[in-house]
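Take a look at the structure tokens below, where one protein chain is shown in two forms, each on its own, as structure 1 and structure 2.
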Structure 1
């Protein structure tokens, strides 16, 4: 556990020793404000909730999370520091988990710093804060799934740009599989059970329920399983790199 904490601290320090974390948080906060107030018609809706804010999170994460994940393993491999990391008395799984936890904490901090939106909606009306809290939890869990995919793509490539593009493509498939565009395209010639299965892989399907305040075990379990599967993918990629 001490080794895990030490690597998490090392990764967090590296995030804040460079502009990476600051730029990510700043862009996230700026885009959240723009999407909520201008595109989401926050005031025009006349409702005291944060749905315009949470509705855009899957699309914000689609581009921003791969950006923060792309350097994690790719930079270590390119600079050769991965060999140094692997000489430390830690297991590969601890290194994978530590990098995930550190980046996930940065994502959590970005979400916490959106508290002025919560203050605003409480000032303007009487929102259901339980629903808002559930939506925040769902958003953080979903960001973990995006992050695990991004870290796996970073573990597969020495090039950060390649890792970034691969992560966006894979994440896009997970987001789009539950969209009306895709489901409408397959409706009529795919059996209902296959259509439901396709939709069940979507981040949108599972996040929309949580954004409405419904914390269901299958939605929480889905994001946890997706995260663990892709973290295991990172583990396999790093182990193969060590063997090579």
Structure 2
């Protein structure tokens, strides 16, 4: 456990030692503000809730999370530090988990720093803060799923840009899987239970359910499963690479 803590700390320090984390957080805060106020028409709507803010999270994460994840393994492999990392007395699984936790904490911090918007909506009216809390939780869980995919793509590729693009493509599939565009392609020849499962693969469906104010175990379970499976994917990719 101490190993894990130490390596999480090392990862976090490396985030904040360079401008990466700051730039990411700044862009996230500014973009979410722009989307909320200008595209979501938060002020003109006149309703004391944060719907216009949370509605754009899947789309913000779609680009921003792969950006923060792309360097994690690709950079280590390119610069050769991965060998150094693997000589440390830690397991590959610990390394994978530590990288994930560190980046996830940064995402959590970015979310926490959107509190001025929460203050704003509480100043303007009387929002249902329970709903807002549930949406924050949902958003953080969803960002974890995006991140796990991004990390896996980074573990698969030596090139950061390739990792970034691959991550966007896979994340996009996960965002869209519940939409009619994807489902129509399978309707008719896939059994209903598989079609329902496919529909339930969408990040949007699970996030929207949580953003309503209900933390259902299957929504949480879904994000946890997706995150763990993709992290396991990273683990395999790194192990294979080590073997090769």
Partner chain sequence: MIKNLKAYAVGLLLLLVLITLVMVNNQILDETRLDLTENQVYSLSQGSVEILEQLEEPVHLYYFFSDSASEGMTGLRNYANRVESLLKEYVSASEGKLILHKIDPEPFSEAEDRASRFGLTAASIGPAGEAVYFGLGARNTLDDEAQIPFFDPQQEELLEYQLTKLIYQLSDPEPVQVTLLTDVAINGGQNPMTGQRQPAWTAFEQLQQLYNLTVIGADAKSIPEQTDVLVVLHPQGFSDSLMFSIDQYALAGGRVLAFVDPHHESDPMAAMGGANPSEFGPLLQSWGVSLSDEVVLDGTAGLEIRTATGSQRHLGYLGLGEAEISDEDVITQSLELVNGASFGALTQLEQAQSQWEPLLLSTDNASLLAASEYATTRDVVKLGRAFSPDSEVKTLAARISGKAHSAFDKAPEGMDVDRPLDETDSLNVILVADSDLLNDRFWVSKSQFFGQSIVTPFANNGDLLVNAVENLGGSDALISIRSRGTYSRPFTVVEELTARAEQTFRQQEQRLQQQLQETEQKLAQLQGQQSETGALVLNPEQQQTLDEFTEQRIEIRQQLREVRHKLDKDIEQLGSWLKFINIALAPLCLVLILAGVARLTRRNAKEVLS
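Positions refer to the first chain, counted from 1. C-alpha atoms forming the largest set that superposes within 1.5 Å between two forms make up the rigid core. Note that the coordinates shown come from a computational prediction; the quantities given were computed from them, not determined experimentally.
Could you let me know which number goes with the form predicted on its own? Form predicted on its own: structure 1.
Answer yes if the Cα of residue 200 shifts by 2 angstroms or more between the two structures on a rigid-core superposition, and no otherwise. Shift of 2 Å or more: no.
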